[in-house]
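Taking the form predicted alone, here's one chain by itself in structure tokens.
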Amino acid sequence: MIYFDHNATTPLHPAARAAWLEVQDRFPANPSSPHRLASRAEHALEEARAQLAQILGCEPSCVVLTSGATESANLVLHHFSRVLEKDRNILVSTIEHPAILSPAAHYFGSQLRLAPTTSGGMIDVDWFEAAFQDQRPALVALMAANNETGVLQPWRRILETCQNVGVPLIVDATQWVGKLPSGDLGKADYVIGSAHKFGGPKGVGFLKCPSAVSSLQPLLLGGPQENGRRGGTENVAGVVSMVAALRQHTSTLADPNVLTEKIATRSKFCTELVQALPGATILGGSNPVLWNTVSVLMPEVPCQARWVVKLDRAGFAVSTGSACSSGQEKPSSVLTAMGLGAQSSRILRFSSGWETPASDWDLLLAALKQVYQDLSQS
């Protein structure tokens, strides 16, 4: 099976697997215990925290280790629900992941404002900046790269706008980290990440917050871990494993030729796909997009839902652009915001990893041609 669903989860990187096994053998103790074995575990944890902070461009004290992006999002939004004045509104884009949208709606209700998105899948920057003049928000949340379309969001520009008026910004970098250079992310007030999106283990992630926010209101109570910001025994092996994977990708990104080749591979695939399948449209338009992600509005054929099934039988694991595939009746909020809700059953997402060779994209294209022919004749 050729795997093209890395945006959902990326297989464990060999470096991450080796690091996890080593920590399990060498540092089995609870890092909060008083003995030497615990001290060694704590040292390994703090060393990994420092390495992660270096990659993000922030101080180690800014990093809160969590179980993943969903917990990180809930933690920071829970925090602001406790410290903001009740009549202050927050601004969130309509293309955010449910990990942001759901807790934002839960904690802020009518105080939640949604920033619209262009048909190309990018936040409407003009609307956003006008909204600041109309009614300055107390908090803003914007993802760095969209998980469904791969479109890169102008988070640096939004960060500058927010910093000019003292409004904190949450950047959901779940799809950015491990795929693009992350050194500038530390400039944002809050940054969310998840290990399994870049080859680390599932159940590990982080929240970068200002170091001065030692009073971050914890979501999980029951212990003084993470300087009182997140209760619960730290997952030392998971954290070290996460950082091991990220270090590998950071090293890869140091060679600009590698990223150039990946971008060229994606561009070639998109061009040939549109030529081969009349009516196919690549989502995102001319906007900058993640090198690993191709989201496509497929041609109209009988039985649209059979695309994924037939590709699976052909040996390719891909994702649908419709939330219907996960048992929901409505299309995703991203596709709805882009005006594609009614066409969601025709959308497929292909997402690769660093180890995916260009030849796999060629094989995927050949399979798509064959499936299109089969469906057109059915």
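What you are looking at is a predicted structure, and each value in this text was computed from that prediction instead of being measured. Residue numbers run from 1 along the displayed sequence.
What follows is about the form predicted together with pyridoxal-5'-phosphate (PLP), which we do not show.
Name the stretch: of 263 to 271, 277 to 285, 174 to 182, 222 to 230, exactly one has residues whose heavy atoms fall within 4.5 Å of pyridoxal-5'-phosphate (PLP) in the predicted complex. Of the stretches listed, the one contacting the partner is 174 to 182.
Taking pyridoxal-5'-phosphate (PLP) as it sits in the predicted complex, is Thr70 near enough to touch it, meaning that at least one heavy atom pair lies within 4.5 angstroms? Taking the distances in the predicted complex, the answer for Thr70 is yes, it comes within 4.5 Å of pyridoxal-5'-phosphate (PLP).
Report yes if any heavy atom of Thr117 sits within 4.5 Å of a heavy atom of pyridoxal-5'-phosphate (PLP) in the predicted complex; otherwise report no. Contact check for Thr117: no, nothing within 4.5 Å of pyridoxal-5'-phosphate (PLP) in the predicted complex.
Taking pyridoxal-5'-phosphate (PLP) as it sits in the predicted complex, is Ser194 in contact with it (heavy atom to heavy atom, 4.5 Å or less)? It does: once pyridoxal-5'-phosphate (PLP) is placed as it appears in the predicted complex, Ser194 has a heavy atom within 4.5 Å of it.
Is there a heavy atom of Asn147 lying 4.5 Å or less from a heavy atom of pyridoxal-5'-phosphate (PLP) in the predicted complex? Output for Asn147 is yes: heavy atoms within 4.5 Å of pyridoxal-5'-phosphate (PLP).
Of the residues Ala99, Cys162, Met298, Leu216, which one places a heavy atom within 4.5 Å of pyridoxal-5'-phosphate (PLP) in the predicted complex? Of the listed residues, the single hit is Ala99.
Contact residue in the predicted complex, chosen from Val151, Leu91, Ala188, Met143 - any heavy atom within 4.5 Å of pyridoxal-5'-phosphate (PLP): It is Met143 that has a heavy atom within 4.5 Å of the partner.
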